[in-house]
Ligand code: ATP
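Presented as structure tokens, the chain that follows is alone, the form predicted on its own.
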């Protein structure tokens, strides 16, 4: 396993604390990721120095004292924050989220014993090397997520750790230790007490992990606590000759088939949630799902609200869910009909979401089990190539691309609502190829539209 290599700034911070008579270590995720050969997002330190000691040691540094009452001082160097926290142990977790109190201690072992998982309970210093009291390095090598100490106690302290276990297993493609697995399932209902914002961050990381599909297949019971709308899909027989798998397996495969971007992964998780609600069965026993797009969009609206997604992401996920299987004609030539179709799709969705819908179509079709990946990959390439070629022409497909604007139409005598209506009709004329996008042509066409 790769040794821990500290950035110069971290080594210096540790050295300054050591010189003042205090022990200090890099700790937690930065050590974990370093051992895995990954670049840590940030570096956290722990120390035997009390908050007032740290203030004295770093009196000449730029610092933020916002976490000082909990033992954390943030030293800022070259605009990079480094959190340094006094060794501590936590009191009782009455709310199952935060400790009621913290107590400062002088031994790093006590500090590490309060942490969630063994892979996050390692510390490193240049002088003493790796401090690994709970087998974290061994678990990293074996690919195992295991709680420090008694799993039920760790999860009772903070229920979010249940979802964090699944998140780490997904991101690193690890397995979950049996005892940790058992405790997570047992205490999963306590996730209902966790703030939506905290749930959201862990869930989106889980969905974008390398092992996301494996976690979804193994733990729908846990995920169903935070998104109960997915539970009707588990084991649901679609009874439709276009689908090889039950609805949950189709959903998981579709999610695995799109890039690991939060909006796309959440879209695929929710894209067929409305199917059980709208199902009808014909005389032959075939299941049909007319209107499932709209039903799924309503569910997506509810789920994204419960997760407190930002407005832009929420609107985008709902829009993509509702339109996940609209017709997307394969553009094979330069005929006017093909060009018009693509321009109107660009006008409706914009480039980013149209490309997303191409990717969604590919994943959704492959996840039926009846359309080979090679066929859908060829379709995707054809669509993307056609879109690239069209966009290279810098075509007109939005009102801002028109060679005339509202002022031009008002100068031509239009007022009020008529201005907006006329601009929209002129845009459609241009997209359909009936009028050139020049000011002269558009104003001439305006007279024939009135």
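All values reported here derive from a predicted model rather than from experimental measurement. Numbering follows the first chain given and starts at 1.
What comes next is about the form predicted in complex with adenosine-5'-triphosphate (ATP), which does not appear here.
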remark   = Per contact check vs adenosine-5'-triphosphate (ATP) in the predicted complex (non-hydrogen atom within 4.5 angstroms), the hit among 407-415, 38-46, 51-59, 388-396 is 38-46
task = Sort through 116, 177, 353, 132 and report the residue having a heavy atom within 4.5 Å of adenosine-5'-triphosphate (ATP) in the predicted complex.
result = 116
ask   = Tell me, which of 324, 161, 250, 362 has a heavy atom within 4.5 angstroms of adenosine-5'-triphosphate (ATP) in the predicted complex?
value = 161
query = Taking 4.5 angstroms as the cut-off for heavy atoms, does residue 347 touch adenosine-5'-triphosphate (ATP) in the predicted complex?
reply = no
message = Does any part of residue 167 reach within 4.5 Å of adenosine-5'-triphosphate (ATP) in the predicted complex? Heavy atoms only, please.
response = yes
inquiry  = Considering non-hydrogen atoms and a 4.5 Å limit, does adenosine-5'-triphosphate (ATP) approach residue 120 in the predicted complex?
reply    = yes
request  = Would you please decide whether residue 379 lies within 4.5 angstroms of adenosine-5'-triphosphate (ATP) in the predicted complex, comparing each non-hydrogen atom pair?
outcome  = no
Triplet 29, 32 and 205 all within 4.5 Å of adenosine-5'-triphosphate (ATP) in the predicted complex via a heavy atom = yes
query = What residues, if any, in 184-198 have a non-hydrogen atom within 4.5 angstroms of adenosine-5'-triphosphate (ATP) in the predicted complex?
reply = 198
